[in-house]
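A single chain, nothing else alongside it, follows as structure tokens in the form predicted on its own.
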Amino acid sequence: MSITRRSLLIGAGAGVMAAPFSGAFGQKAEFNYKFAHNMPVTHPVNEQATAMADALRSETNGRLDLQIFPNSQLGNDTDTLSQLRSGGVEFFSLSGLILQTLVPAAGINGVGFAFPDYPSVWKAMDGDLGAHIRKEISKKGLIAMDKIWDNGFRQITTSTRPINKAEDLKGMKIRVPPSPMWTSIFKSLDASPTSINFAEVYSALQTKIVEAQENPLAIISTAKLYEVQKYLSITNHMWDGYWMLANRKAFEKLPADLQKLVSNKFNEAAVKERAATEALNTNLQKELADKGMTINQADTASLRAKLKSAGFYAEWKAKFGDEAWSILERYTGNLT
């Protein structure tokens, strides 16, 4: 079943893997670049990326053909990050918490319960915290666009029991992305986290390799995780976003006018994607309940207290360093 469903999702997105563009402009594109991401074709990330690629073709008169590869078609996150660094892929959207394995500072926005709401997120990520992370990313031969795209506040789903308080996570086998921050949070909550790339999440839940996972509502819906999960616990335990990353050499091959246009289009699309994702996440609880999920509001105070008593905040302050942590707390207030 999972293989069939996966094949269907890939098939649904196959239309975006077009040959180098000529179309209405009657000439082959001067620059044929690939943009990969791991979201399903119906997610706002893919919808806005596709619209952005169309706009770039139009406004460059066909000089730049940005081909969109959704749904991990070019490989899982770890593989595609390697392709981006080698130049096999020119653009890639990646969670800062997975990028953290290469750029440690990129995970700082995922500190548990750091941000209470979207206004505080955007103030930090469009401000000094985002600037600090982009500076660190640039040291690895990558370019991060100015505006990070939204993934959303993350919630926990399980097949076995709801999460009402910290004690309910004890011993729970939960899938987390391959990132030290996620592993640390759930170990601190006494769960049993297992790192699995997103492309394998559905089958891992279906075959009971893990009993739980955590993601924003938009992903729970578009990836149809409600088919293999019963309980949805609203925890808002972390905010996660997607950095729009470019291979530096490939980006700098573009003439200055195209570099500016591409940057502007990515940032314009970010604003639209943020609004679409926030609206989707806001309205999905009823839809997921209608699809059979049992929804509860978790006691986030008990979860945060457990993180603090387990030394989570002190550990990550030491790992990120005083400079980065002080920038974070400029927006969140004292965390330790």
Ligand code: X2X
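Residue indices: 1-based, along the sequence shown. Source: prediction; values computed, not measured.
There is another form of the same protein, the form predicted in complex with this ligand; it is not shown, and what comes next is about it.
Picking from 227 to 235, 134 to 142, 255 to 263, 176 to 184 the stretch near this ligand in the predicted complex, with a 4.5 Å limit on heavy atoms, gives 176 to 184. The listed set Ala212, Ala114, Ile108, Ile219 contains one residue whose heavy atoms approach this ligand in the predicted complex to within 4.5 Å, identified as Ile219. Of the listed positions (Trp149, Phe198, Phe91, Trp239), a single one reaches within 4.5 angstroms of this ligand by any non-hydrogen atom in the predicted complex, namely Phe198. At the 4.5 Å threshold, heavy atoms of Met244 stay clear of this ligand in the predicted complex, well away from it.
Although the partner is absent from this view, Ile163 stays clear of this ligand in the predicted complex, with no non-hydrogen atom inside 4.5 angstroms. A residue is said to contact a partner when one of its heavy atoms sits within 4.5 Å of a partner heavy atom; Ser95 meets this definition for this ligand in the predicted complex. Interface residue remark: Asp168 is not counted as part of the site for this ligand in the predicted complex, having no heavy atom within 4.5 Å. Scanning 317 to 332 for heavy atoms within 4.5 Å of this ligand in the predicted complex gives no residues at all.
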